[in-house]
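This document starts with one chain, in the form predicted alone, laid out as structure tokens.
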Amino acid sequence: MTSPPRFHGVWPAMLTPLDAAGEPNLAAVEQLVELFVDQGLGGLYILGSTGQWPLLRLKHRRAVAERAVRVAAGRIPIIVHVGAVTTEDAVALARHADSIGADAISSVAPIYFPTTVDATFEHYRKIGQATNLPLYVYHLSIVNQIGLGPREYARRVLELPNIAGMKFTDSNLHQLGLMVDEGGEQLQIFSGDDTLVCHAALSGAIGAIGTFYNVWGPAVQRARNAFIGGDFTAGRTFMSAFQNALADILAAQSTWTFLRAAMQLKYGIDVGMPQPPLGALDQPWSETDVQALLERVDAAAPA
């Protein structure tokens, strides 16, 4: 099954806003969806790692998905991440995503307990066959290593029911390129490493899904479009500024407080803080430092 033609470009891995009590802030979910629609971004990937899926109750994941899809109202495609600790929960979330009108589903591999390659693909198979929605396997190398070479990996993924593509979160672009070549048009791959958005396009990625696109989605989109349109200098100039800014943010070990401050300062949206342990020891950022990072990246983006 090939992916709909709307599935391409720059997609935020959308933050899940929480209130002071740790409950989903559905009003802020609406604000985020409207923001990304207005920005003309490619789509939304919701309730993934940036969306804190392992830390949310199933009822909260359903509520966020329902609100996001309802507000989007078909104006922007939405992939709902349905990965869960149990296959049963993942299947239930997939069916829920289908029932509310989501455009596609995605799932990480089984987590925590060691598993075999065959067991991992059985998990994916049951999720894929649960609905007729396009399925995007979420390859997250820092959490789960698949003991397959890239060509065989692509072939196994292509055997899954309703498979459309992958979210490939890994810095190994050689592997990504081999999987793109093996899968062809049947396996459309989004890159998931924010720092390699232009590089991954060169390797054949159809788009990019990332955390920091919540903050800099339009700038990233303009840079990626310029790069794939043949303007290497524009892509290189932007990536230098973007990579260095992200290096500074990550080095501060306070990513969640940066994201909260940046979204408030740039867009007036309070996404709150994540569920602990995420962000538990994050230090506050000064408005001056956040503004300087915002301006540095935006100034490097093509007009």
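A residue's number is simply how far along the shown sequence it sits, counting from 1. What you see is a predicted model; the values in this text were computed from it and never measured.
This next part talks about the form predicted in complex with a further copy of the same chain, which is not shown.
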Any non-hydrogen atom of Ile100 within 4.5 angstroms of a further copy of the same chain in the model of the complex: no
Heavy atom to heavy atom, is Arg75 within 4.5 Å of a further copy of the same chain in the model of the complex? no
Can you tell me whether Asp38 touches a further copy of the same chain? I mean in the model of the complex, with a 4.5 angstroms heavy atom cut-off. no
Looking at the partner-bound form in the model of the complex, is Gln52 within 4.5 Å of a further copy of the same chain by any heavy atom? yes
Please pick out the stretch from 115 to 123, 157 to 165, 209 to 217, 128 to 136 that is in contact with a further copy of the same chain in the model of the complex, where contact means heavy atoms within 4.5 Å. 115 to 123
Val108, Ile105, Leu93, Ile189 - the one with a heavy atom within 4.5 Å of a further copy of the same chain in the model of the complex: Val108
For the spot marked by Val69, Thr255 and Gln283, is every residue within 4.5 Å of a further copy of the same chain in the model of the complex through some heavy atom? no
Give, in sequence order, every residue of 181 to 210 that has a heavy atom within 4.5 Å of a further copy of the same chain in the model of the complex, or say none if there are no such residues. Asp181, Thr195, Leu196, Cys198, His199, Ala201, Leu202, Ser203, Gly204
